[in-house]
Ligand SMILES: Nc1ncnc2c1ncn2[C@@H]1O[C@H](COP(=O)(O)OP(=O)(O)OP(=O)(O)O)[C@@H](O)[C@H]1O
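Have a look below at one chain only, the form predicted alone, in structure tokens format.
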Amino acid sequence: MPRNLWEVYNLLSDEEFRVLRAIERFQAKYEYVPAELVEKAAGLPPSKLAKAIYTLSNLKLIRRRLGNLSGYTLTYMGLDVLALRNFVARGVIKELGDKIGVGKEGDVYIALAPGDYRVVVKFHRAGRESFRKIRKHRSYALDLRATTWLALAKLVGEREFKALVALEREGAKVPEPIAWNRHAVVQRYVEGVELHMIRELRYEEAVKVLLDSLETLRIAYTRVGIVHGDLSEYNILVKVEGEVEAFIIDWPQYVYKDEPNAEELLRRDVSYLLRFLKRRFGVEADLEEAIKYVKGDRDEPPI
């Protein structure tokens, strides 16, 4: 059996990708796409179709339902390899490496791009439980009628990519967005460490983390019109080689600043940041003044 996603991807034939795309085509309409629709859309002889279905099922890229209403549905890994196929065909990546992160939002892999520079590929996950929570608390899922995990995962991927493009264009410290397909986003690799993993920083370095983070939140609010909405020490990457820099990652749960809960989420984001930096590194800043700075109501940082 293959050991990782890249090995799974390299095992697949053109016929098997045709079957995956055929299932994906009707996935928004059917929980399990009827076998006759898959057969018609894939356009394969029965023997090749049966072989492809067997391989895809064995590799856990699809699930099968047998009986009178037999059919097939994609798994997340099935969607992953479809996105990989697109990235490879477009020359975005040439090799997928190890998984370097597993979080509530998705699985993150290191990858190699043509030119041998490192990138990150993030495959968004929208399982049934998180799907219900997002529909309850995030208006975009309702507005765009994301009615299945597949549609929501794709929506979240597109959403994060577009946010990163807008933020990077305005000079925010975020990973450089490179490409997006389906539920997957490719970003430039940031040589950093998650803030929660850092035990020691000089006071002036910790202040730089605060200033970088507040500046990015300020750019997001005043120039792009969004609030991160889920900021913590787990999605701030700190570059510690040379001059310290802080980058804010994980943007798919942003809200627009004019949404009803934006003020509450902004206050929570800034409060989490200040509390952590005070507790871990002794850096203090006034919450209200920090919020004024982020909203553009104060010209100087609060420290």
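This one's a predicted model, so the numbers in the text were calculated from it and none came from an experiment. Numbers follow the displayed sequence, beginning with 1.
Below, we refer to the form predicted together with this ligand, which is not included among the displayed structures.
Of the candidate stretches 258 to 266, 66 to 74, 41 to 49, 232 to 240, only 232 to 240 has residues whose heavy atoms lie within 4.5 Å of this ligand in the model of the complex. This chain appears without its partner; in the model of the complex, the one residue of A111, I226, L211, V190 with a heavy atom within 4.5 Å of this ligand is V190. Put simply, of V92, I219, V120, L155 only one has a heavy atom within 4.5 Å of this ligand in the model of the complex, and it is V120.
The shortest heavy atom separation between I100 and this ligand in the model of the complex is within 4.5 Å.
By the criterion of a heavy atom within 4.5 Å, E170 is excluded from the residues contacting this ligand in the model of the complex.
In the model of the complex, this ligand sits within 4.5 Å of a heavy atom belonging to G106. Contact annotation for G78: none of its heavy atoms lies within 4.5 Å of this ligand in the model of the complex.
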